[in-house]
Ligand SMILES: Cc1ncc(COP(=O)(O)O)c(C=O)c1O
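Form predicted on its own, single chain, as structure tokens, below.
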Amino acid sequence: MTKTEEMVKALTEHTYGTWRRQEGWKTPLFIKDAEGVYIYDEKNRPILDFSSQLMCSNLGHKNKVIIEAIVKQAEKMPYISPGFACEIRAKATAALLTVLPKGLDQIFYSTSGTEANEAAMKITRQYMFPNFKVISRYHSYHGATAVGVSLTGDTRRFYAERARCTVPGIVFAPDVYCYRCPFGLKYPDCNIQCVEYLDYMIKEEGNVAAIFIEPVVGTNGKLVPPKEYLPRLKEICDENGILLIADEVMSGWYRTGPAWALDNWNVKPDILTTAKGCSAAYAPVGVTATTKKIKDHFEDKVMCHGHTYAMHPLVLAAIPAAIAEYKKLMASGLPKKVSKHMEKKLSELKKRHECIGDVRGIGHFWALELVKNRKTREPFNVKADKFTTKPIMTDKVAAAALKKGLYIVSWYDHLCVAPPLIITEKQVDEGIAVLDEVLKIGDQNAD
């Protein structure tokens, strides 16, 4: 047994593999290094990271500016209780205020997206008391804690419900999913029924405190709403006196072009949550940003929430450095140029492969939805298949891609194309070439 095999064995025998049967956590690929848009296996084989790991390594791997900032903070003061003020907390907050939407200037720090959403829920239910219901959507993912998974629409919630690990008061709404419209309508003649139905739900449900959305759905499909959807949604929330909460954990940090996905439609939520891109995944951080009006509610009331690692100095050290790197990168024009190239190449890929039913996305955030029959839109797999032993076509394609040097995240119905924002046109073409080859697996099984 090689040293690498020994390390893998020691790891898998004593740790839990996430979101899987443990029998599938036996021989994970060993990654030795990572730099730029590539990760490297034990044989130093470069593997193009076409999904930014879990849609989080937005600035690529081994960014020296961010690493240096974390190292300096480690040397200065690696930890201090969140009850104290310190320089890096002031600097990180000041940097965040330069990118957060105007008016969302009250921040709670945590260590992940799911914790950011947990904080948003607690703040909302205390602020909106006695109203407590929150509307989420079926094609959503908001995290793994009790609150996060309760807000989640995919199959992970099913398992959490069976274990009695969810919270009450969450109701689900139809999605803005034009390719598979839940109302059987077609845009633009649909009157955006998916958003108008939310107004009906609020009035019929009663006791609604907020609507919790991903402006562009991440894990569950890269669903980009029509231009009318989000402005109308904000109107509906305001008309009914409820909060609009935007989960920008995946869609934020220039992933869709501007700093926040909501900026594409000039909409401002009452609460914004984010994480991954805050530090470009170099340190675990979560951010819940609210209006001052919401924070003022707690001046003479307890905001009953907190973490030992809230405002962790090492974590916050990454934020100003990452923000500076984002601004520098966006000013170069590279992401905007490459996103157009990527859109073109993905559209061409669809023309060559019968198994691609839909190509949708925005910026550096795309989905290739695979189907068994393009004409009828019959899928290879459905939501309920995800954690069964039934073969998943997207997993087969992704596994084949990995063998050919391309890492791409697969879900039960689509492949996620979300490379680091630093990727070049040439590197996009490298990834597309691999996809062009492995998608033949889907074509061979399509009707």
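The model shown is predicted, which means the values in this text are computed figures rather than measured ones. All residue numbers refer to positions in the sequence shown, first residue = 1.
Heads up, the form predicted together with this ligand isn't pictured, but that's what we're talking about next.
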query	finding
Triplet Ser112, Asn117 and His142 all within 4.5 Å of this ligand in the predicted bound form via a heavy atom	yes
The unique member of Thr219, Ser150, Ser136, Thr124 whose heavy atoms fall within 4.5 Å of this ligand in the predicted bound form	Thr219
Single option in His312, Lys276, Arg157, His364 placed near this ligand in the predicted bound form, where near means a heavy atom within 4.5 Å	Lys276
Listed range touching this ligand, judged in the predicted bound form by heavy atoms within 4.5 Å, from 370-378, 243-251, 356-364, 329-337	243-251
Asp270 within 4.5 Å of this ligand in the predicted bound form, heavy atoms	no
Residues within 4.5 Å of this ligand in the predicted bound form, restricted to 258-273 and counted by heavy atom	none
